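Next up: just one chain, as structure tokens, the form predicted on its own.
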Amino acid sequence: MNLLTLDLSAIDWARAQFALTAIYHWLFVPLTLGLGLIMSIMETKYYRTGDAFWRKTTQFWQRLFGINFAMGIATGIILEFEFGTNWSNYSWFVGDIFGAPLAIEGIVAFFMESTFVAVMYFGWEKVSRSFHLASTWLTWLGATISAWWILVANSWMQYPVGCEFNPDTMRNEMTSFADVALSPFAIDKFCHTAISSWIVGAVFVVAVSGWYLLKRREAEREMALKSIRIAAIVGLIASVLAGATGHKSAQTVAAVQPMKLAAMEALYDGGTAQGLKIVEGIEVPYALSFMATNDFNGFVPGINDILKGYTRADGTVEPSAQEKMERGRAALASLAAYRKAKAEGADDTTVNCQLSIINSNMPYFGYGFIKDEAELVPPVAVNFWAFRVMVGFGGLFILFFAVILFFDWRKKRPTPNPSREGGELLPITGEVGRGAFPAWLLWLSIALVPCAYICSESGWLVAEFGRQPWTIQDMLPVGASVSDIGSSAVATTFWLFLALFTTMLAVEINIMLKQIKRGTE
């Protein structure tokens, strides 16, 4: 593909289409992971107690899980096909590596989910309680394993390891599957992403249960109260763990993607003892240095430092952007000379000389496609505010779940309800044993459902916008990854997908609402 004649608008449309698909897909995934965990815990209680109440409760949440699960599969399949249609150069360049975790995800995890989800839904009267419980947990585990392999593939794009460029095939080839699958970036990303998904599931369960209490649905009252307790415990634990894994992930980003961290903080000129900005002009002293290095006086490079070159804390000198671009062009020129020499049957000395130049400059290969160092700076405003939305809502969820559990724990007498004949003692907003939930808290739980999704999507905005202009960090920019197709073709499918996905989302919400109104029938 000739980058000089490439329809640049095709790049923008391809990016927009992939972003559209990814955003819609991620509306379904976190609820699948979070709700799957909670319903598995509920069925465990049924298995241990034999109480039919817990079976009925589990079956209710499983119905909502199944609706969301089906929609997630549909959007996920389209997402994987787009790698071949819109990003064929990327797929060719790294298909040997990127395809491996996706293949494992499809063969192992997806088949595991599809097998046990059938038993989970249709096996209540056909298999033993223990086998059914195992099927429910394995359905959730399959979804989680599926997320693991997809996040391994994405993490490799952020931190390419375990591979080697083959100048004869013009492809990156895997040298260590273990390095790819178990890279520190992949582990941190998976832990943070999976745990944050539990928060979405917990908020959803609390909100639906809160709606039953607000509507005084006596048939669902006990289910709602006990579901709130389980979901709030899961949500509080997940919120705290998300903060811890987020801190660990930030340290990994600081080590391998310093430009992303600088964009997240709108930090142009770095230094030691850096404060973490709450908003522009207000910051927590030393917090950024601690977040990035575990040292309150640690050095954090800014955008200008990275462009001009700087010295890392371990003494490693990081070249300037201009030097990286020059070395990248040298790698591209030597690659062309190497392939020409091989084709013409040149002597080994000439071939090996060019190969040596390629290998020495290969860490900066992708910079050879960059025309201006300004391209290396990701959208600062998007990263800055998306990061603050994510962290801000994360802190709010810790407080929210703690308050829910406080009201659940606190002893409170039922409030007389004069509207009931005989002055029967019934709580206005719901009560169980040791606690009651005020109406404002239940309304807040409903309002926080979209906030949970905004928080989750914001994390992905930081992850993906923060590594621009790279498809693969330092190795392949977006402009060199796209398929050589006209913008009109991609634009047409963009609008078709927008209409399709919006319809699917509307259908899912409609079915969900009908099932929630139906209750535990």
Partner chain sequence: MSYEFLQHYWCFVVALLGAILVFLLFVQGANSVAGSLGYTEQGRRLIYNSTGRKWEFTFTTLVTFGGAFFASYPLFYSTSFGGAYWLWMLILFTFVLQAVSYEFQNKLGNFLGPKTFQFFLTLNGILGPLLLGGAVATFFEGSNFIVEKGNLIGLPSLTGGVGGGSLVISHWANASHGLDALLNPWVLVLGFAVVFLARTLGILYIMNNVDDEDIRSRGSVRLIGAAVPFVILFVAYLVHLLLKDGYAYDPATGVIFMEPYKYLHNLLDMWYLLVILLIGVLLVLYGIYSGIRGKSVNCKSSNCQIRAIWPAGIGTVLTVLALLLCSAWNNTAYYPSTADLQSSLTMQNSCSSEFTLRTMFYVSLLVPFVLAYIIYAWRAIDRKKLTREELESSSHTY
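None of these values were measured; they are calculated from a predicted model. Numbering follows the first chain given and starts at 1.
Absent from the display: the form predicted in complex with its partner chain. The rest refers to it.
Student: Taking heavy atoms only, is residue 274 within 4.5 angstroms of its partner chain in the predicted bound form?
Tutor: So residue 274 does not count as contacting its partner chain.
Student: Can you work out whether residue 49 and its partner chain are in contact in the predicted bound form, taking contact to mean some heavy atom pair no more than 4.5 Å apart?
Tutor: No.
Student: I'd like to know whether residue 244 contacts its partner chain in the predicted bound form, with contact meaning heavy atoms within 4.5 angstroms.
Tutor: Close contact is absent here: in the predicted bound form, residue 244 is far from its partner chain, nothing within 4.5 Å, heavy atoms only.
Student: Answer for residue 285 alone: is it within 4.5 Å of its partner chain in the predicted bound form, judged on heavy atom distances?
Tutor: No, residue 285 is distant from the partner.
Student: Given that its partner chain is left out here, which of 326, 318, 222, 80 has a heavy atom within 4.5 Å of it in the predicted bound form?
Tutor: Selected option: 80.
Student: 15, 438 and 520: each with a heavy atom within 4.5 Å of its partner chain in the predicted bound form?
Tutor: No: none of 15, 438 and 520 comes within 4.5 Å of its partner chain in the predicted bound form.
Student: Could you tell me which stretch in 334 to 342, 213 to 221, 190 to 198, 347 to 355 has residues with non-hydrogen atoms within 4.5 Å of its partner chain in the predicted bound form?
Tutor: Heavy-atom contact with the partner occurs in 334 to 342.
Student: Which of the residues spanning 88 to 110 lie within 4.5 Å of its partner chain in the predicted bound form, based on heavy atoms?
Tutor: Counting only heavy atoms within 4.5 Å of its partner chain in the predicted bound form, the contacting residues of 88 to 110 are 88, 89, 91, 92, 93, 95, 96, 98, 99, 100, 102, 103, 104, 106, 107, 108, 110.
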